[in-house]
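In C-alpha cells, the next block holds one chain alone, the form predicted alone.
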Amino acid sequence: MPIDFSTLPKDELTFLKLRALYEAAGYSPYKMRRFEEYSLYLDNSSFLGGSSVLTFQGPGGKLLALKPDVTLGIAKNARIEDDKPVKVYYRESVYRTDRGGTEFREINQMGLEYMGKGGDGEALAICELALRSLVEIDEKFVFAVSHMGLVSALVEEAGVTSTARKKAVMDCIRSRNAHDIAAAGGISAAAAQQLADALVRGDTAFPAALGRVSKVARSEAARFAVEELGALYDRLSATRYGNNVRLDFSILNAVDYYNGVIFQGFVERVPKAILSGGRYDGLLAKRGEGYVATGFALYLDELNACYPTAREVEK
C-alpha cells in the first residue's frame, strides 16, 4: 500500500526526505547499540559540551552509559581505511541533559558523519548537505556558520597565549561580551577592540563579516580559514540560498576537537537551533591517522509540535 505522505507527522516526513538526500550523496545507514562503556564519554567530556551522562553498572561490573552522543560511538567503532572513508547517516535517540540543565531527556535526532581521507572538499560538501536538509524542512531558514580555526588563530594573533586565557576570551566571544575581552585575555585595549570588531560587533551578513576578518587575518592559518569560508560561501550561494547563510563567530565549540567550519541551522517555526555540526578532526587525532572528520545532527523532536501535517493544513 503506498504511503499517504499528507498524514505523516513532520519528523517522519523529514526522515524520508533526508534519507533519500543522503543516500543519493553516497551515505549508508548506520545503527548503534543503545549504550557504550562510560569511559568513552568520560575521556571526551568536552566534546559533549557540558552535558551529563546517564550511567548504570552492567552485569560484568563495567560502568556503562546510555549514549548521549552518536558521533563518539561511530568514531570508536567504525573501520576507517585510506581508500574507503566512513560515510554514514543515522536516526537515533540520545540521552542527556541540556547544557547546564539537570533533567535528562531522550532526544530524537538524525544526522550524518564523514570520516576518512578527503581533504577540505568533503567538509564543504557536508555543509551543503546540512543546508539542503534545512531546505527540506522549511525554506524559511538561517544557516549560521563560524570557523574554529579562524577564531583560534585571531585570538592568538591578538596576543592571547595561555590555554586558560584563550578559553576565557572565547567565552566572551560566544556570549558577545566585547567589554571583557581585554581582561579575559590579558591583552591591550587596542588588541581587544580589534578582536571584538572582527568577531563580535557588526552585521552577520556573510560578505560583510568575511570582509572584516579578512582585514585582520595575518597568520597562514587565519588566511587559509578566510579562503575556506570564501569557498564555502561561493558554494552555498550557488544553491540560490546565499541570503540564508550568515557568518556568526559567536558559534563556538570545543577547541580541542573542532578545527574548521562549524555551523548551526534554524527554521522559522522552531525557537532554537534545530541542526548543528562541523569539522572535528581533533576527535580522530587520538587515533594518529590524520583523517578528516565532519558531520552534523538534526534534532527532530521539535518538528511535530511546530509543523502540522499537510492534511491538517488543508482542514
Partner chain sequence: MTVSIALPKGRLGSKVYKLLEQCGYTARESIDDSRKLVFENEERGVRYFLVKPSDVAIYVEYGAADLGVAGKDILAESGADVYELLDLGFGKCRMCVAAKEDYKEDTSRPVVVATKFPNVAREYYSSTGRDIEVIKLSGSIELAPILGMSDVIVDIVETGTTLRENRLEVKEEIFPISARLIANKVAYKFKEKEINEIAEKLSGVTV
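This structure is a prediction, so every number in the text was calculated from the model and none was measured. Numbering follows the first chain given and starts at 1. Rigid core here is just the name for the largest C-alpha set that superposes within 1.5 Å across the two forms.
Same protein, other form: the form predicted in complex with the partner chain, not shown, and the subject of what follows.
Peer 1: Given that the partner is absent here, does residue 268 sit within 4.5 Å of the partner chain in the predicted bound form, heavy atoms only?
Peer 2: Yes, contact at 4.5 Å.
Peer 1: Is there a non-hydrogen atom of residue 272 within 4.5 angstroms of a non-hydrogen atom of the partner chain in the predicted bound form?
Peer 2: Yes, residue 272 lies within 4.5 Å of the partner chain in the predicted bound form.
Peer 1: Taking 4.5 angstroms as the cut-off for heavy atoms, does residue 210 touch the partner chain in the predicted bound form?
Peer 2: Residue 210: no contact with the partner chain in the predicted bound form.
Peer 1: Even though the partner isn't displayed, in the predicted bound form is residue 228 close enough to the partner chain, meaning a heavy atom within 4.5 Å?
Peer 2: Answer no; every heavy atom of residue 228 is more than 4.5 Å from the partner chain in the predicted bound form.
Peer 1: To test your reading of this chain, name the stretch in 86 to 94, 129 to 137, 108 to 116, 178 to 186 whose heavy atoms come within 4.5 Å of the partner chain in the predicted bound form.
Peer 2: Looking at the other structure, the answer is 178 to 186.
Peer 1: Do heavy atoms from each of 141, 174 and 246 fall within 4.5 Å of the partner chain in the predicted bound form?
Peer 2: The answer is yes: all three residues contact the partner (heavy atom, 4.5 Å cut-off).
Peer 1: Could you spot which one of 82, 220, 203, 234 gets a heavy atom to within 4.5 Å of the partner chain in the predicted bound form?
Peer 2: The residue from 82, 220, 203, 234 that makes the contact is 203.
Peer 1: Can you pick the one in 70, 261, 283, 251 that has a heavy atom within 4.5 Å of the partner chain in the predicted bound form?
Peer 2: It is 251 that has a heavy atom within 4.5 Å of the partner.
Peer 1: With the core lined up, does the C-alpha of residue 164 move 2 Å or more between this form and the one not shown?
Peer 2: Yes, the C-alpha position differs by at least 2 Å between this form and the one not shown.
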